[in-house]
Ligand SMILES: Nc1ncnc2c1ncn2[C@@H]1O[C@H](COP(=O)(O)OP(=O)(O)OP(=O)(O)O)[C@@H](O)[C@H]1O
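First, one chain by itself in structure tokens, the form predicted on its own.
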């Protein structure tokens, strides 16, 4: 009986070991093979030189990397232009991969950043003194960096509390405020920072970056699709790269065309806009009503339609300046109502009714 039990335990234990080892090797193999990273993160600039189109900021940061002192910074501009990427790349170059985590505190809008956080977390981190050298022997600056991303969402009280900390801990800490709207940052903070405006990326720069990513990822794409990506992103490189990755996943190795980009970006096709204006010229309200129903049922976003229609109306040669003014005024009203949460169908119907009224005046 004892021999049987011993045999049973030995038989029972062997498969368990095999299973464990098999599962262990399988999991490590899978983790080594598959590490899906969004292309936005994969191709984020690793050093300051890789930052595109922001020459003034790059020049200042390069000087600081060479040993000059770094001022408090305020980066502002549209989303997707490289504000966060620039300061993170500069911080990595300053401190190296080992000291980066200890010397840099990054707080985003997703974190709680009221007055209490500024008084405790930010203040405590700012008061720490730093010393030592990097393991690779390069000189290391005697200060830390606190990055406050989307600082325009901080309350005025929190910004006021930050002002004193910024002044008091200037020997040991540098602040980098990042925001979209500089007007929402209080004056005492802006006067203590070197301000840099990040411009929307030029079409040529965006095209170069997108083609470079396509080459590295073996993605086939037409020139028209690249132009469409640049157009719909409106200077936001992050949005363009995200659309490109979505299109690549959708096509699965096939060539990406302009129609696919238009579909993914949620842009209203030009043919649809032309059809809208043809219906408005007909003067039939019943046709217009049915067309607007189809528009909404097809899932086209009303805000996107308003933005595109604005450009189309301005380019029309058969409308007088007065008629264009009436239509654009209505576009502004509709945009405001949509932001406030009004019904899309009613707003579109009201907008196209005004367009119809102005277009049928001449006939």
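Numbering follows the first chain given and starts at 1. Keep in mind that what you see is a predicted model, and the values were worked out from it rather than measured.
Unshown form predicted in complex with the named molecule; subsequent notes refer to it.
This chain is displayed without the named molecule, yet in the model of the complex the stretch 232 to 240 from 232 to 240, 185 to 193, 267 to 275, 92 to 100 comes within 4.5 Å of it by heavy atoms.
Contact with the named molecule in the model of the complex holds for none of 299, 345 and 350, as no heavy atom of theirs lies within 4.5 Å. For the options 283, 71, 79, 141, the residue carrying a heavy atom within 4.5 angstroms of the named molecule in the model of the complex is 79. Between the options 44, 62, 310, 324, the residue in contact with the named molecule in the model of the complex by a heavy atom within 4.5 angstroms is 44. The closest non-hydrogen atom of residue 180 lies within 4.5 Å of the named molecule in the model of the complex. A residue is said to contact a partner when one of its heavy atoms sits within 4.5 Å of a partner heavy atom; residue 84 meets this definition for the named molecule in the model of the complex.
Among residues of the shown chain, residue 335 is not one whose heavy atoms approach the named molecule to within 4.5 Å in the model of the complex.
Contact check for residue 174: every heavy atom lies farther than 4.5 Å from the named molecule in the model of the complex. Scanning 311 to 330 for heavy atoms within 4.5 Å of the named molecule in the model of the complex gives no residues at all.
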